[in-house]
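Starting off, we have a lone chain in the form predicted on its own, written out as structure tokens.
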Amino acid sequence: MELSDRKQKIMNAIIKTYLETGEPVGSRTISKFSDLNLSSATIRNEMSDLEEMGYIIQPHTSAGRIPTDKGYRLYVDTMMDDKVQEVMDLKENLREKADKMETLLKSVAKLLANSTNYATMVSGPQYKSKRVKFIQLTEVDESHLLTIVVLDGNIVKNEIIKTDSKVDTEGVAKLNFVLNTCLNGLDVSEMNLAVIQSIKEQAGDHNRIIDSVLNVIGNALTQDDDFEVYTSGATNILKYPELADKENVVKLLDTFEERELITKWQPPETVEDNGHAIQVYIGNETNVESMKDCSMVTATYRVNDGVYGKIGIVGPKRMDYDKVVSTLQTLMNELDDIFKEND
């Protein structure tokens, strides 16, 4: 028989209170639950109904009630249903925000901080290896060309280069054709002397320009990504006495503002060979002095081939590792589905 909303709330209150105290629960105790707003008399009547339905029993005359096996089963089933719905709501919420990476990653950081009660850090996507997607030379004036380099992931780098002499429209078109034909799809390790020599030969009288263009391309391919880091729940660490020492807490909180911290975690290359590369670092294993009394659990998400980001959860050494790892794994699977749908 399905319980009314009021009976369900009273039943939940009885079980939660009994789990905390181990003592029979009376109507006066239940009436103190702020979200019920019911009189003791009303609660007594509802408890009588719950007893008749077999959800609670009164172990002694004039004592409060305790849950029966049937009552525990109702609580567990309801709790599990709520968890399933929570996951579904989260999944839908993430999908709605997947069109904007920044919003999505901020939501991930907040979600993990709230669900684990620890601090979280999430990096924006980084590129394991960058390849040339497109090159465009455009005349600025008689002695300057604008060089635009587009890399995988639509990363755009541009720079104005100086030329020894004017390059006409036909010459610019020829250089664009040669550069894109020879360099499209290559990363910096594949741009060997043979490739460069071939480009220079085809460039003819404009081969000197190639050196300047290659410098721009080389800088674009080797330059570190200016990725963002999103944090949430940093103050959660203050809830744990062993981390709340006044001398260390300021340093620890400041650490969460350092973008470089996230680069100390496992390299993204491990994702291809080890799933989401979930790792646990304990104390000094974090390689961060201010975190010597902490543990950090990290995972790597993959947006698409060659594009990765990192997620970390930081808490005390006595953190609930099982919960943290399972929460991360569940979230990683949801993110996989989202990024696949947006490919």
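Note that this is a predicted model, so its numbers are computed, not measured. The first residue of the sequence shown is number 1, and the count goes up from there.
Omitted here: the form predicted in complex with the DNA. The next part is about that form.
- Of the heavy atoms in residue 25, some are within 4.5 Å of the DNA in the model of the complex.
- For the chain shown alone, residue 42 is a contact residue for the DNA in the model of the complex, at least one non-hydrogen atom being within 4.5 angstroms.
- Taking the partner from the other structure, the DNA in the model of the complex has no heavy atom within 4.5 Å of any heavy atom of residue 67.
- Residue contact with the DNA in the model of the complex: residue 58 places a heavy atom within 4.5 Å of it.
- For the residues 47, 277, 297, 291, the 4.5 Å heavy atom test against the DNA in the model of the complex is passed only by 47.
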